[in-house]
Ligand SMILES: Nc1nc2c(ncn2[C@@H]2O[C@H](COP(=O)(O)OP(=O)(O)O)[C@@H](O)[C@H]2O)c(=O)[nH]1
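In structure tokens, the next block holds one chain alone, the form predicted alone.
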Amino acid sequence: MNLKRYRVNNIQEALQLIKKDLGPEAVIVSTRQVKEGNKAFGLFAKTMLEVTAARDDKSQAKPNIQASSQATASGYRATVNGMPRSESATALASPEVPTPTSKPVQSNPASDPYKALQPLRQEIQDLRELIQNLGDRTASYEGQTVAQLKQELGEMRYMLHSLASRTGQTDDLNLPENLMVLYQQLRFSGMEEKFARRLMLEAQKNIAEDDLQNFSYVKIFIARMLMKIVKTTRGVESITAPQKIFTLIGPTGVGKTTTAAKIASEQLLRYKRKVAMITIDTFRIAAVEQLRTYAKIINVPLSIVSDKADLDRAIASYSDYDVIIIDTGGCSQRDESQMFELRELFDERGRLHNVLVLSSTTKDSDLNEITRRFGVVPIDSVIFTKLDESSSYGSIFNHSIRFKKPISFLTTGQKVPEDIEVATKERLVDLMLNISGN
């Protein structure tokens, strides 16, 4: 028995590895969800799928030919694939050429060509059997693939019920198999149980019985439902005012300064607009030097301000600029004084487009608290950063459902200006359902 264990992101990846390592005859023994990462800080550990697979190997050995000077053809035995072959089986598999009666029996096999050829003829017969077995396996490959796909669906259903048993809320969730598989995929991606449940029940009511048997149709139907849930802007292009003032606010460590530089670079290089940057060091922890370096590289002016009066003067000084990007220092959402200062600075609906910057690696409960606390300032859209550091994106949809805030940008790394993209519904749905396969 050849047993191997894999830690993968999804069951499709596991099947590819299993087929590569163990071949098409391997079967999945068990699956479970595990945390992978820093054990001491399991809060941000990555959730992986651990799959155990096995293949029942039969040892194969070359034929073992035993002959002595006193042995005859009737005493010959061969070992093929680790199993002894009896005399009668040998005789049936490879009938002997009769020895002429006029030829005396020789005690030395080397001097008897009929006896000397028997081992070779036996090996040829064994090779024929081996080729036949390989042919049978090749012919049944398609059937084995179908069987493995059914095994995959069964394992996913098992995982779903295991997850449901921990929540205690899905005892009455009776869905067709295709919807159940997609429900599990959404839950594994981090979508909250009540949202995923509601989505599947609504789909079940609106998909015809025959169409429920078509997995591709059901998956596209769910994708369209998700596209109706999530809202997006066209980045800076959604701002209709002649001068686009884009303000980035949010907690410490989410990448506001790098994101500000990326947006400024995009506006300058792609749209050929005149861009200026402002940073507010009110909380004395903004990365002023980092932003100054970015501004110098892309050759845009940078102003450093500390209060509302300075901010107004800086904006007025850039009246002939097309775009102004305002960066702020990170602050704790639980600091009431900092929240008050933010409101004093940016509570100007219409002139300023305030963007809440959030990390996709932040857990749901913290995203909820951050959004509520920063809600003292009018929030026009949201940017999700660090998509490259996360493997589940359900929190993005959870946030969209709860707060109805459109998403303007997504960032996927530290490189300026490459690792940023305007958020689209298609891209967000692909993150959840992996329709593109990337």
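Numbers for residues come from their place in the sequence shown, where the first is 1. Everything quoted here is computed from the prediction, not taken from an experiment.
Quick note: we don't show the form predicted together with this ligand, though the next part is all about it.
Interface residue in the model of the complex among 252, 317, 238, 204, criterion: non-hydrogen atom within 4.5 angstroms of this ligand: The residue from 252, 317, 238, 204 that makes the contact is 252.
Of 368, 214, 290, 332, which residue is found within 4.5 angstroms of this ligand in the model of the complex when only non-hydrogen atoms are counted? Only one listed residue qualifies here, and that residue is 290.
With a 4.5 Å heavy atom cut-off, would you call residue 412 a contact of this ligand in the model of the complex? Answer yes; at least one heavy atom of residue 412 falls within 4.5 Å of this ligand in the model of the complex.
Taking heavy atoms only, is residue 386 within 4.5 angstroms of this ligand in the model of the complex? Yes, residue 386 lies within 4.5 Å of this ligand in the model of the complex.
Given that this ligand is not shown alongside this chain, does residue 354 nevertheless sit within 4.5 Å of it in the model of the complex, heavy atom to heavy atom? Judged by the heavy-atom cut-off of 4.5 Å, residue 354 is well away from this ligand in the model of the complex.
Residue-level contact is defined here as any heavy atom of the residue lying within 4.5 Å of this ligand in the model of the complex; does residue 265 satisfy this criterion? Outside the cut-off, so no.
Segment that reaches this ligand in the model of the complex - one of 304-312, 192-200, 221-229, 255-263, heavy atoms within 4.5 Å: Result of the contact check: 255-263.
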